[in-house]
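Heads up, the chain below is alone and in the form predicted on its own; it's given as structure tokens.
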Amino acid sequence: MTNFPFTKSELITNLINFSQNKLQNYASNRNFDYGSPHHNVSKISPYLRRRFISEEEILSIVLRYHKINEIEKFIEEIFWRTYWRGWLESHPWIYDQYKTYDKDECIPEKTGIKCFEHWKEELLDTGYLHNHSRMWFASIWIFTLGYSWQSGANFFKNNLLDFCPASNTLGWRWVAGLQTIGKPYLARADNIKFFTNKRFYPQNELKENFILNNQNLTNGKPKDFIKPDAKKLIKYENLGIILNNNDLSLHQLLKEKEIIFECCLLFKEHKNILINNFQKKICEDIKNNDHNIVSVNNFQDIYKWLKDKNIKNLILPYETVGNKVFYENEFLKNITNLEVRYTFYLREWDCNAFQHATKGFFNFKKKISTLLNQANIKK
């Protein structure tokens, strides 16, 4: 776990070092898996997924050292995660279909494929895989070993530090040829040899040809993204905010506006010890940097906090598809009974981007310049 710091200060130091020493070669080096600790990529995803650090914060740091046109590929990768979440917002039934599949395949102890075994162990040991290796791993899982994409998505879900319902589900569907319909991603031995710097060469071990029957496949017509009612972060009486893994830095927006508020942080145990330890440590750092934040472990703790602090207006992180925590009838009914007015706050970054994420990434990519301007990111 030494690859992933537990404090915001160390994370920022790492990002500065990456910006100064590696980012200028990111576009040409990013597809190479040289092995852990993966110095050629930022490894920012576990933090961005939880918004321990935001997209704007990341870009404000890296743009101290580079111009936008010098690091376009890195910026695109930041937007990929936004795009996946936005796409799933307009196709929520895709995630509902995936959730109905609850069968986890047993991973063979030995497949005879050295690279696959290595990536499996790396994921279990560190909670992380290089993005290119995730693609190869998924392709081998589906086409060579013959497992379902859903079971592979479940395996990643249970073990990735940066698990995101949208990017994980849709990434596996993309490899399977369901996201870009009829175009599966097939891992090839020569490609693996080149992009692992000859560490692996699974010659004659992979199924490199596959014909997908896509006659009846469709993702359905996307529903329009309807922006929630604009909620400005203004000074409310008796204001409270709850942080969780959907957004661990939302309170910073209130601080920037010098708004007085009470804050609690909901921490839920994760069955994966490595992931649980990571989440616990970064939550500890948040509390260490703001001693007014109260820890809560369940809804009952939240109800007590609301009453003790006399909260009358409550801000909750917006919940995208697959990230439902507070959007439950019983919870919302109970806080309403406590005479608490609540709102799910959608960050402007998402609000601006999601409306453009209904089709393929190529179309979405055309909007990146506009989205950067809307976020007041220029250089």
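These figures come from a predicted structure and were not determined experimentally. Heads up: residue numbers just count along the shown sequence, starting at 1.
Another form, the form predicted together with a small molecule, is not on view; read the next lines as being about it.
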Quiz item: Any chance I260, K312 and Y345 all have a heavy atom within 4.5 Å of the small molecule in the model of the complex?
Solution: no
Practice problem: With heavy atoms only and a cut-off of 4.5 Å, decide whether E77 touches the small molecule in the model of the complex. | Solution: yes
Quiz item: Is R134 a contact residue for the small molecule in the model of the complex, using a 4.5 Å heavy atom cut-off?
Solution: yes
Quiz item: Can H118 be called a contact residue for the small molecule in the model of the complex at 4.5 Å between heavy atoms?
Solution: no
Exercise. Could you confirm whether L48 comes within 4.5 Å of the small molecule in the model of the complex, counting heavy atoms only?
Key: yes
Quiz item: Can you pick the one in L316, I335, I44, V62 that has a heavy atom within 4.5 Å of the small molecule in the model of the complex?
Solution: I44
Exercise. Quick one: find which of 188-196, 235-243, 79-87, 296-304 has residues within 4.5 Å of the small molecule in the model of the complex by heavy atom distance.
Key: 79-87
